[in-house]
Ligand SMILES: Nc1ncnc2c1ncn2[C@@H]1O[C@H](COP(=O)(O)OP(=O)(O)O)[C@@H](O)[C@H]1O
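First comes one chain, alone, set out as structure tokens in the form predicted alone.
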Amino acid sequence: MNITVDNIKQTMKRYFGYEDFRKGQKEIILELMKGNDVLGILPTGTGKSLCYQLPAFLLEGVTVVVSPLISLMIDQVKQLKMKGIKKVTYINSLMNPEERKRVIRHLSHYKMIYCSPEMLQNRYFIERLRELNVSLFVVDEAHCISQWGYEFRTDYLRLKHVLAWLEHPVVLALSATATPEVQKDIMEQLNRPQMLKKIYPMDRENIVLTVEHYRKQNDKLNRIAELLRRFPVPAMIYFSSKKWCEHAAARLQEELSDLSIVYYHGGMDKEDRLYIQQQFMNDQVDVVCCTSAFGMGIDKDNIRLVIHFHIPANVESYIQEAGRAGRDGEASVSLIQYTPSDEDIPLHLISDELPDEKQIESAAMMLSENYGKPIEESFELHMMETLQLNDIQWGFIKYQFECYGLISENRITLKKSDWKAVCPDIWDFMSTRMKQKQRKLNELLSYLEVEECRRKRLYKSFQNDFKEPLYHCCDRCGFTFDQWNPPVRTKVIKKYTWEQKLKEIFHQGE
């Protein structure tokens, strides 16, 4: 297809209203138009979505976008439709069955289809996609392949099979944080070893990095209240505990009545989570106390402060979450709060993600006793209950047995003579994964204690240098909150009589 840069710019202006490209966008798009697979690493907030949304309207076929979160795909489709782009849709578990069937029946009406990796294991959906000309296959937030694929969401590791079923369309994998090690893993798991790498520095020169140490957890909340009272700006506060998330939101709301403060975590109803995200996006909520379930793909440009009440499990997660601040280029701050033994929570989460050797052996025995049978949901639930496995641990075991050919097409092919031979290999792999996760946590802990420039230490695994800070660098380079002067949105509080309130409600006012 002979498409020039001018053609691409005209399409960009027509659909998206942009006059020119941001760094990296043009280079990635041109390679995709040539039919080349691309691994693109661009900083958070620099317009990664345009790298596939624009080609979707230039290419003749359909673009499939693999998205990790329902809220993310809904928000992106909503934004596209607000721009007048109608031939986009999503398929997810929030849709009622009839709506989902209707969309799948009419897939040929769309140019861009968002879905989860799990949905791509649905036989009916994949057969309908096979009837179309899928010209571009996008893995958005591609670091999830490496970060989540081995335990939490093993369907990420099955994407290479999906690509084969779709007769190998052009592939774009996008992320904001991927070390050379993770980049290699993404390419291997997608079975695309020849992907062209388009890697750009991921540090954000407008975000100040700072770490504060405390004796007790409550000291952290007192400090947060002090900062928000002084700087009433849009903020995100990350917690590793749902209980702490709710407790902090309640206490901060009680102390800071002028701000709207809510909590968000994976234990809430999907509809409630989506509603809170939309409120935050529309400036109806000022502060969100959240777990890592919130934030991926949040396209809100005026977040000024990102606080980690609990430390994340690795540097990659921290960079992703801190990068949600200051997308408009204004001075913003990332603060990590640390108390002794804070690492106990991520260590517990790491150990809880993987089964132990006894559970793997017992699962193998139970499967071998049911040789030849299909794996039905009731059987999976019985195994998990009997062996005290959570969803993540069972997902890990099931995928490992699939890799060794002991489960095939959801049917047990494991004989009693087989399982003893493979269990030691799975144990070795599990040990390796555990050590990798602990190493990544240690990198984060080392960053907290560093005495040199934090920016230099944070990005050294990702790039050779870093950009000159626009405002301030970090606390190790002299930053204090006394030097921060963020734009503060003043709220106008209207006082009404009850008659005026009724008129406002029923739109009868002048």
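Residue numbers run from 1 along the displayed sequence. This structure is a prediction, so every number in the text was calculated from the model and none was measured. The term rigid core refers to the maximal set of C-alpha atoms that superpose within 1.5 Å between the two forms.
The form predicted in complex with the named molecule exists for this protein as well; it is not shown, and the discussion that follows is about that form.
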Practice task
Given that the partner is absent here, state which listed stretch (47-55, 465-473, 437-445, 31-39) has heavy atoms within 4.5 Å of the named molecule in the model of the complex.
Solution key: 47-55
Exercise for the section: State yes only if every one of 18, 43 and 299 has a non-hydrogen atom within 4.5 Å of the named molecule in the model of the complex; otherwise state no. Expected result: yes
Exercise for the section: Evaluate residue 9 for contact with the named molecule in the model of the complex, applying a 4.5 angstroms cut-off between non-hydrogen atoms, and reply yes or no. Expected result: no
Problem - Yes/no, residue 321 Cα shift of 2 Å or more between this form and the one not shown with rigid core fixed - result: no
Practice task
Answer yes if the Cα of residue 140 shifts by 2 angstroms or more between this form and the one not shown on a rigid-core superposition, and no otherwise.
Solution key: yes
Exercise for the section: Would you tell me if residue 238 moves between this form and the one not shown by 2 Å or more at its C-alpha, with the rigid core held superposed? Expected result: no
